[in-house]
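Starting off, we have a lone chain in the form predicted on its own, written out as structure tokens.
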């Protein structure tokens, strides 16, 4: 970042995210692999938190656990008052639809529909009428400077434009938690800086908490909180 922001003091009596002794094990043949081991953390509401570490250190696994995509092998994780390790599959589905927005490195946009249709998908999933969902999608794309591109399919957009569409899709339901897994990894420097700036602004609007996985040390300067992982374990501050 050319002009790194000063980290904000974040005070939250009840953090949006709380994990205690969080572990995730996988079985590989007769071997047990520790993807994450004994992770304890609190993330306040409104934070822009960076999960930092090399490939294979457990960053994506941590985001999957916080987003209710995977269940922990041990420990507890609570997000926005929902105890994910105890939730039923139906409860996890509702939680993911209403409380979490996901942003991925390779965008995960459906290639055969337009940008506004991609953005509208989360609203359709919670039962909103198609016309209303598309109206909301077009409004948010206009705000992101993509009004002229909203009818284009993903292959007709640049990488930076596709990632902005993915961000719009992630925030359209106004979820309290946004999980971004290496969202700048496929972008050039200018596109990456624009995406980080957009995510940082989303945290500062008070409606979203951002947890972003990255291996890029430079992003530490842009964050309010840094969670460093190494071989599945949290490093000391």
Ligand SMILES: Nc1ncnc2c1ncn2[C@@H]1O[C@H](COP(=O)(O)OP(=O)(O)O)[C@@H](O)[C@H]1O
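Residue numbers count along the first chain shown, from 1. Fair warning: this is a prediction, and the values are worked out from it, not measured in the lab.
One more form of this protein should be noted, the form predicted together with the ligand, which is absent from this view; the next part is about it.
*Heavy atom within 4.5 Å of the ligand in the predicted complex: which of 171, 35, 203, 187 fits that? Just give me the one.*
Only one listed residue qualifies here, and that residue is 35.
_residue 57 versus the ligand, in the predicted complex: is there a non-hydrogen atom within 4.5 Å?_
Output for residue 57 is yes: heavy atoms within 4.5 Å of the ligand.
*Using a 4.5 Å heavy atom cut-off, state whether residue 61 contacts the ligand in the predicted complex.*
Yes, residue 61 lies within 4.5 Å of the ligand in the predicted complex.
_At 4.5 Å between heavy atoms, only one of the stretches 171-179, 22-30, 195-203, 40-48 reaches the ligand in the predicted complex; which one is it?_
Within 4.5 Å of the partner lies stretch 22-30.
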